[in-house]
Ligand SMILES: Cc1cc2nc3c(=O)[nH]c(=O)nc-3n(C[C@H](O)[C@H](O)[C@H](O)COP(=O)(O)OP(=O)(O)OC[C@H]3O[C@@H](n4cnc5c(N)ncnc54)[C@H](O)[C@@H]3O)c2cc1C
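So this first bit is one chain, no partners, the form predicted on its own, shown in structure tokens.
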């Protein structure tokens, strides 16, 4: 009996360093790669859960993945609708004997996994989105330290090294004889004008996809930017002030493990300093937010999060609307929110500032802000997005109980000459 496998691409839209797909390609006689688009419901007035910026970047990445698979005599089938019904129909037609996919332990993604397991076909999942493997942790993730600093010290004291990344498959099994039509998603690019963006994803070097991701990290290292990262990372404008790895990382066009390995190669050749360490430090934060889901799961998504003594917040929809539309009257906040809406990108510093303003100045529900970021950010990542909003709101593991930013102080420190505000408000 042939091994007929469905490989469901999730946030791992790459061939290089994709252990799950590599295993599927070597263990299958017939292999059908597919990608599932959930229904894109409205979250706020006419705004969809997956906004136009995320849609375009994802479409770019899927188109490139499809091209890469076709070069290996395979293809990518895109499906939409009810995930159980869609995959069941395909599995029945081709006689699937196994389903492979990446493990994602956020609540909705776990519900999807549960539905797939109910098909009655053997399922194999793979944890492959972190820089450090689960097996390398010096503790069970369910027993990890709550505080990031303690988590980091444990990792550093054990001198844990990132495992070597795996190669792309050199060949793929044939497709099933039955052909399937992909779901289509028409996007009208004339709606988008993001040439002023710090991540202009309509330009060739910033397109979604594995090829652009790999080229970007090579270029970033070639310019020796890791040596200045820590000094520039809090700037608000420009291409090179931060790594810009996050959009490609968010949908898995490149792996954190691969980035860490290339960074180590750079340090071995050109020397390590505090700035190059800080890139590893930020990748470790990303891992931390992921591993934290093993310990707290759905509790990270409720109104009070992990906070037993939360601030009483009465969400005001009118105030929320001024924030969303960049019309709060605070120029720094309004500039940030307009940049986000127009480009799908916002510097890490501005993300913290506008999040703090929504929570503490406007006294709105942090979950509404997290949902807005989910819709708008081209680099939306469920783990990091929720982790950072919990951190600012004081509903996560941070012992300081929230991070309120003084916008006057932030303005003076990060936009004293009004260059940022002028760019987005004029």
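Bear in mind that the values here come from a model prediction, so they are computed numbers and not experimental data. Numbering follows the first chain given and starts at 1.
From this point on, the text means the form predicted in complex with the ligand, which you will not see here.
Colleague: Just one of 63 to 71, 22 to 30, 40 to 48, 370 to 378 has residues with a heavy atom within 4.5 Å of the ligand in the predicted bound form, so point it out.
Modeller: So the stretch in question is 370 to 378.
Colleague: Using heavy atoms only and a 4.5 Å cut-off, determine which of 331, 128, 352, 125 is in contact with the ligand in the predicted bound form.
Modeller: None of the others qualify; the residue that does is 352.
Colleague: Using a 4.5 Å heavy atom cut-off, which residue among 348, 299, 316, 82 comes into contact with the ligand in the predicted bound form?
Modeller: Of the candidates 348, 299, 316, 82, 348 is the one lying within 4.5 Å of the ligand in the predicted bound form.
Colleague: Flag residue 388 as yes or no: does it have a non-hydrogen atom within 4.5 angstroms of any non-hydrogen atom of the ligand in the predicted bound form?
Modeller: Answer yes; at least one heavy atom of residue 388 falls within 4.5 Å of the ligand in the predicted bound form.
Colleague: Looking in the predicted bound form, any heavy atom of residue 286 within 4.5 Å of the ligand?
Modeller: Answer yes; at least one heavy atom of residue 286 falls within 4.5 Å of the ligand in the predicted bound form.
Colleague: Would residue 249 show up as a contact with the ligand in the predicted bound form if we use heavy atoms at 4.5 Å?
Modeller: Contact with the ligand, yes.
Colleague: Against the ligand in the predicted bound form, would residue 229 count as a contact residue? Criterion: heavy atoms within 4.5 Å.
Modeller: Residue 229 belongs to the contact set for the ligand.
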